[in-house]
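Quick heads-up: it's one chain on its own, the form predicted alone, in C-alpha cells.
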C-alpha cells in the first residue's frame, strides 16, 4: 500500500509526499480515506499558518472532514470489520479528564484533533483512529456525504445550544458552509422560520434554495434596518458587527449562540440589551456526541446533503481545492478524493 499525502510546509506551500502507512494501535482502525471536505480552518492554516494559538511550526497534513473504508484492525478492536464504510469524528479526547468524564469531551484539554497542529489530518490515503470515533455509514450514503458528517455536527451542536425544539424563528448570520448547515439543521429540528444573512449574493441564493424563509444581503440592507425579530441567533460569520446586530434582533429570553470565530480574542457586545432582555449568550467549541444524530438526520431524509459538495479534486490538486472557495463564493464545499 502507498500512502500519499498533501503536506503543508508553509503558507501557500502544499507538497505531495510519500508517508509510511500508519500502524493501528490495539484499539484503532486503519482507514483508507475516500473523501475529505475542505474546511475554512484548513484554508486559514494554508493562508496564514495559524489559527489563534494553534501555529503550524512543522510540516502538517490538513483535512479533518473525512470518510473511508476500514482496511485493518488493531488487535483489541471489537466494533468494526475490515471492509466497513465509516465516517470519522476527527477529535479523539483523553477519556480521563474532568471534562471527558462529564461528557464534555469536546472541551478535553488533551484532545488530538486532525489537522490541528501538531496532529496530521486526512489529506492522505490512510489514517488511523480510535474505534470509538469511526461510525458506520449506511449503504445509502455516499462517501462525500459521509465526510460531511463533521460540519453537519457543528450545525447540530449549534441548534442544541440554541434550544431549538420547534416553532422558533432562527437568525443565522453567515451563509458559509457552517451557516448553511446550521440553518438546515434548525429547520429539521422544527424551526418554522429561518432568516440568513451574508454579503455574497451567490451564497444567499444557495440559502434560498436550501429553505431559508428570508435571505438578507447586509451589504445592501443592514440588519438593524431589516425589521427582524427572532427567538434565537446562530452567529456563523465570525464578524463582530454580525454578532452585535444579531443580538439586538433577539426577543426577550432568547438565545444567542456564537459559532464563528473572529480574528480577535475580544469583541464588544450590547450588554445592557442582553441584561434587560434576559438573553442567554453562549459560545460553541466543535461538538460532542453528535455523529449518530448527524447520520440519522441524513439517512432519514430530514437533512439533504446531496447538493452540498460543489467540486471535487484529486490529492494532487489539494492546493487548488484550498483556493477554490476564495475564487468562487458559490463553490461552497470543495471535496478532495484521495484515490482519484
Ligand SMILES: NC(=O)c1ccc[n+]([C@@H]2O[C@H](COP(=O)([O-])OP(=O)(O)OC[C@H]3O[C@@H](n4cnc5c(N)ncnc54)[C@H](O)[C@@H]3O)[C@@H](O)[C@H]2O)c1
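Numbering follows the first chain given and starts at 1. Please read all numbers here as calculations on a predicted model, not as lab measurements.
Beyond the structure shown, there is the form predicted in complex with the named molecule, which is absent from this document and is the topic of what follows.
Check your understanding: Is there a heavy atom of residue 74 no more than 4.5 Å from a heavy atom of the named molecule in the predicted complex?
Key -> Because no heavy atom of residue 74 falls inside 4.5 Å of the named molecule in the predicted complex, the answer is no.
Review point. Does residue 176 make contact with the named molecule in the predicted complex, using a 4.5 Å heavy atom cut-off?
Key: It does: once the named molecule is placed as it appears in the predicted complex, residue 176 has a heavy atom within 4.5 Å of it.
Check your understanding: Would residue 27 show up as a contact with the named molecule in the predicted complex if we use heavy atoms at 4.5 Å?
Key -> Residue-level check for residue 27: no, no contact with the named molecule.
Point to revise | 4.5 angstroms heavy atom contact with the named molecule in the predicted complex for residue 197 | key: Residue 197: contacts the named molecule in the predicted complex.
Review point. Using a 4.5 Å cut on heavy atoms, which of 124, 207, 134, 242 is close to the named molecule in the predicted complex?
Key: In short, 242.
Check your understanding: 228, 92, 119, 261: which sits within 4.5 Å of the named molecule in the predicted complex by any heavy atom?
Key -> Spelling it out, the residue with a heavy atom inside the cut-off is 261.
Review point. Quick one: which of 295 to 303, 53 to 61, 66 to 74, 278 to 286 gets within 4.5 Å of the named molecule in the predicted complex, going by heavy atoms?
Key: Answer to the contact question: 278 to 286.
Review point. The named molecule in the predicted complex: within 4.5 Å of a heavy atom of each of 203, 218 and 236?
Key: The answer is yes; 203, 218 and 236 each reach the named molecule.
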